[in-house]
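Shown below, as structure tokens, is a lone chain in the form predicted on its own; questions about how it binds or moves come after it.
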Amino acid sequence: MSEVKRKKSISRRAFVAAAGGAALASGMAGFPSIVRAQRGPVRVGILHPVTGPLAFSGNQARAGAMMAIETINEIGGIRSMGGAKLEPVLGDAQSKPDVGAAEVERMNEAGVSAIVGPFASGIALATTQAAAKHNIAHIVDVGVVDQVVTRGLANTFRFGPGLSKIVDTAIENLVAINDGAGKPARTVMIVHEESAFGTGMSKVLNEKLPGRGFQIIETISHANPTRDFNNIVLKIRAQRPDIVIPSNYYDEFVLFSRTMAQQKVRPKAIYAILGGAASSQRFVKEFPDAAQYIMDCNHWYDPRNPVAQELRKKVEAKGLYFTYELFLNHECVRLLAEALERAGTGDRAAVIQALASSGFANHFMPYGPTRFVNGQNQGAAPVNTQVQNREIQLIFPKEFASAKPVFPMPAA
């Protein structure tokens, strides 16, 4: 066997062993084959809220990023840089924007080439601005508010869809679901947390839903964290909306949904948009009765993709949940690795240029190829899910659907 063939064979075996299967290998392979002299590691900031109210989501996000880094390093690192390894510089935003910004300053001192994170919109507004001061590429994993990418920050790249795209898709799908059932729903109540995420969601819904034939009875905001939803649910019981749209993070979403179930308040639909728990296997496993029939328009993966299937097995074998925080960060790190391969350097300006010209298509999201315009991935799109019989099913778009929507929600 020639030396070149021997190296390729070792690389392939190492990849399969690291990734957990041939399917994952085929999904993450395809790096340039030219190998240069090995250089030092490329430092990458992994920044999430791993303590505080958003800790569950932050730790899931960190786990996804770390799994991608480990696999990339085990299969040969950044080959155009001589097999340079990715070296994570971990940061904890503590669920606070100012702490997130301070962590960016620390990562700048550590010499990171790019930052991935930081999950929450309010934190992202602060961290992307802080990173821009130092010309550090910042790949935003979730952080859906539109302002994250509408401020003209050349260093900011959001891989997933933004709020306007998600809300527009959610409304279109809600109209289609309602029309398909004979239009039984007309009235809506919105319940949202008070940070940039929930407030932004509420604003867009109040602007757009009336024009699509829905009457908004009331919009209710709540603190984050909130530990008692009884009064809010009593208001919903009294006003009897056809649809309740909650916009909050994981803990609050779970408590709100459980309170709805406990008080036996059953509208025609609980229709979440970026529901903090609505598309989470953890919620479905721990509180199946409260989760049943909840719909959500959210980030999701292509369940038909063998790479995603293999990664989910690996994640669950570790005792983790395959949530959108985890798999979005996994793919964001792969997006960065692809950009580093093309850049051939960890130089910050070169990394920004490589991301700006990205055509990353070798992902397992239900997206088209990655194409950034003003920092927003034009190929990104949300999907609709619904919890049916303790499973999260895709119900829209039809080309990805694993089940039909159940609407209206059956009586208890």
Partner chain sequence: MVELQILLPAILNGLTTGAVYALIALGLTLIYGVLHIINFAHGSLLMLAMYAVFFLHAGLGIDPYLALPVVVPGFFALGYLLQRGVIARASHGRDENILLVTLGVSIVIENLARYFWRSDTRTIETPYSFETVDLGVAFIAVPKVVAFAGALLVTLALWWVMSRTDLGRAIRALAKERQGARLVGIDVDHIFAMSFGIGTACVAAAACLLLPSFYVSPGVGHTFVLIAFTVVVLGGMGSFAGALIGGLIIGVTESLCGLYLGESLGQIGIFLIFIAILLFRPTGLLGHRA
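Numbering follows the first chain given and starts at 1. Because the structure is predicted, anything quoted here is derived from the model rather than measured.
Just so it is clear, the following notes concern the form predicted in complex with the partner chain, a form of the same protein that is not shown.
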Ile171, Pro303 and Arg312 each touching the partner chain in the model of the complex (heavy atom, 4.5 Å): no
In the model of the complex, the residue from Asn135, Thr187, Gln263, Asn206 with a non-hydrogen atom within 4.5 Å of the partner chain is Gln263
Considering the partner chain in the model of the complex, which of Ala308, Val244, Ala337, Val254 comes within 4.5 Å of it through any heavy atom? Val254
So which stretch, 171-179, 294-302, 328-336, 234-242, is the one near the partner chain in the model of the complex (non-hydrogen atoms, 4.5 Å)? 234-242
My question is simply whether Leu320 lines the interface with the partner chain in the model of the complex - judged by any non-hydrogen atom within 4.5 Å. yes
Any chance Gly375 has a heavy atom within 4.5 Å of the partner chain in the model of the complex? no
In the model of the complex, does Asp228 come within 4.5 Å of the partner chain, counting heavy atoms only? yes
Find out whether any non-hydrogen atom of Arg79 is located within 4.5 angstroms of the partner chain in the model of the complex, and reply yes or no. no
Judged by heavy atom distances of 4.5 Å or less, which residues of 169-195 approach the partner chain in the model of the complex? Glu194
